[in-house]
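Only one chain is shown below, in structure tokens, and it's the form predicted alone.
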Amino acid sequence: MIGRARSQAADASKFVVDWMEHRTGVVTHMEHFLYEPVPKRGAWVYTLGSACLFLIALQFLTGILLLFYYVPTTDHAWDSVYYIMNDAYFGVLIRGIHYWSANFLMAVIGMHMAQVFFSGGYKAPRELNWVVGVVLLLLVIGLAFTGYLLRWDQDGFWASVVGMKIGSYSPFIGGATIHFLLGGDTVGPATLSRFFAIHVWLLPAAIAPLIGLHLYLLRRHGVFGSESEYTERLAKLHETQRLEEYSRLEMGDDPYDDDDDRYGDNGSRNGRE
């Protein structure tokens, strides 16, 4: 009975997949999107970009769920977080995933950028994708910084004060930018409201299209690695080029043919004599 039910479920799922593929081509597009040839040596390192994408998607999903209970006011922000952690169903799990995935995201992004740098992935024609990745890194750092204040506890409050104090010393735009973020002269209700708007609306709206552009450029130019990672592929390429050169010589493209005619049919001076 169990085997029959399993077989029927597999047949039904195959029918649905085939139906969708025939009408939309979704399976083909997903395979083209998900599968990317990478070097054999250190292939697992090339999964760091996919890990970043997964963690960012996890941040978006858990953040949306937290919005159902979070209240962005100085009177209720900490109480709403306390309610999420103690009374809301699965609240501690969802907030824990949101918190720890944010920490893992910063570490994985750092490793991903190090892998791209040391493999030479920033070189032409992929330099634009490197610039987009750097912008995404800065936006993710902005997410982490603005999200820290939303707890509205002592750690988040004073960490934000110190961070904005450091930022105020930036030349030209530092003072004006920090004054805008504060919404006044000190951290208060306006600061929490602006950090909430930036964290929930502005930065995600900027990150989402840049991720799409990043993936498009990746699929357009492919994954790039250093020459040491492509040793086998380069050896095959050189062998193919060598065989093609031998084939051209056998077809009569020998650059020494003129010398052979000059020295006689047997290609020697003695033959001419």
Partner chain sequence: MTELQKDPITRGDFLGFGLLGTVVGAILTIPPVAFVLSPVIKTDLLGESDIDEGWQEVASVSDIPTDEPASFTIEFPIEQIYAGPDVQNQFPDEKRSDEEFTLKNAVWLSWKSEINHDTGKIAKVERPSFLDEKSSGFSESEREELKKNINVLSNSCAHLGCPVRWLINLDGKGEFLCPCHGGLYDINGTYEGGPPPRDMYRYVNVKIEEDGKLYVKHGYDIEPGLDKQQPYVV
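Numbering follows the first chain given and starts at 1. Computed from a prediction, not measured in an experiment: that's the story for all the values here.
The next section is about a form of this same protein that is not shown, the form predicted in complex with its partner chain.
At a distance threshold of 4.5 angstroms between non-hydrogen atoms, A88 is out of contact with its partner chain in the predicted complex. T186 belongs to the set of residues with a heavy atom inside 4.5 Å of its partner chain in the predicted complex. Taking non-hydrogen atoms only, G175 approaches its partner chain to within 4.5 angstroms in the predicted complex.
Heavy atoms of A190 reach within 4.5 Å of its partner chain in the predicted complex, making it an interface residue.
The contact with its partner chain in the predicted complex, taken as any heavy atom within 4.5 Å, belongs to L182 out of L203, L182, A102, L137.
I166 is the sole member of A114, M106, I166, L93 with a non-hydrogen atom lying within 4.5 angstroms of its partner chain in the predicted complex. In summary, the region of this chain contacting its partner chain in the predicted complex, judged by heavy atoms within 4.5 Å and restricted to 114 to 122, 93 to 101, 156 to 164, 129 to 137, corresponds to 156 to 164.
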